[in-house]
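The chain below stands alone and is given as structure tokens, in the form predicted alone.
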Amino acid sequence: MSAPALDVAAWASPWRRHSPGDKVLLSLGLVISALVLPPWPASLLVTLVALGLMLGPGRTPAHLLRRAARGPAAFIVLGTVTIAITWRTDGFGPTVTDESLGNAAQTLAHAIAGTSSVMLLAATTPMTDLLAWARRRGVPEAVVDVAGLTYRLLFVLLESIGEVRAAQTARLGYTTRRATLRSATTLTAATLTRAFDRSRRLEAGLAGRGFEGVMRTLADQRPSSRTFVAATLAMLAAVSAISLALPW
């Protein structure tokens, strides 16, 4: 199993040379714009800006973006459906009303815009850069270290899943529906067992090296760009002005 799609895109993105703080400002500004501005057309504008920056200057390959968006899209669709379907007030059973559809549409727009904004940061900034930036900005060491260990364990788990799945495939474990269900159950159990074993071995290894709660790593410090920050603020101002001037 390969690495996460957004992580692959982030390491290859030309925006990696920009300061993580500048990109956090851009992503956070888009998220706030999607939350506080009227949903129409602000959410649409934020989504278009985020996707345009990812596919344009960020040079995120479209196939990686589609692969990374499948998981969040599933959660968004499930959440929207539960909002659109309500229970009848005059009896039993589910129903769909104009009000529930309107609420579902607004939630869908906010969710897509916010997710696109966060994915813009994830697709252009490797996690190691974000962790180093967070440490320099005073985020508690324990939080940064836990995030870093979780990030590293993710790759270990992906490797384990790939190995088990390849062995199951070689043994015709996914040829029928019944075999697929049995293989998926075995894969889940094996992954959880390996994850627990890896975490215990990691804990023992850190204790053996005298780990005292701080795991220092080398990181390149990239200075903030005034041009990038100015362009970000101008873009956010433009999105706000258009959204307030053209409420749908």
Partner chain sequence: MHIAEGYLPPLHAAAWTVAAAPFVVHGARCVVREVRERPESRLLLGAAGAFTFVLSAIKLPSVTGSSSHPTGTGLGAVLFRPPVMAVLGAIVLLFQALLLAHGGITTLGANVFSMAVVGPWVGYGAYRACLRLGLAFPVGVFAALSLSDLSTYVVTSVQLGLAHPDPTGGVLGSVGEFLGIFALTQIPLAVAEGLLGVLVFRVLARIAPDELSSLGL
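Since this is a predicted model, take the numbers as computed values, not measurements. Numbering follows the first chain given and starts at 1. Rigid core (definition): largest C-alpha set, two forms, superposition within 1.5 Å.
From this point on, the text means the form predicted in complex with the partner chain, which you will not see here.
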>> in the predicted bound form, does each of Thr80, Leu187 and Leu192 have a heavy atom within 4.5 Å of the partner chain?
In response: yes
> Is the gap between Leu45 and the partner chain in the predicted bound form 4.5 Å or less for some heavy atom pair?
Replying inline: no
> Within a 4.5 Å heavy atom cut-off, is Ala105 in contact with the partner chain in the predicted bound form?
Replying inline: no
> Does Val49 reach the partner chain in the predicted bound form if we count a contact as any heavy atom within 4.5 Å?
Replying inline: no
> Even though the partner chain is not shown here, does Gly138 get within 4.5 Å of it in the predicted bound form, heavy atoms only?
Replying inline: no
> Which residues within 169 to 206 place at least one heavy atom within 4.5 Å of the partner chain in the predicted bound form?
Replying inline: Tyr174, Arg177, Thr180, Leu181, Ala184, Thr185, Leu187, Thr188, Ala189, Thr191, Leu192, Thr193, Ala195, Phe196, Ser199, Arg200, Leu202, Glu203, Leu206
> Under a superposition restricted to the rigid core, does Arg137 display a Cα displacement of 2 angstroms or more between this form and the one not shown?
Replying inline: no
> Is Gly56 among the residues whose Cα moves by 2 Å or more between this form and the one not shown after superposition of the rigid core?
Replying inline: no
> Once the two forms are fit on the core, has Ser183 moved its CA by at least 2 Å between this form and the one not shown?
Replying inline: yes
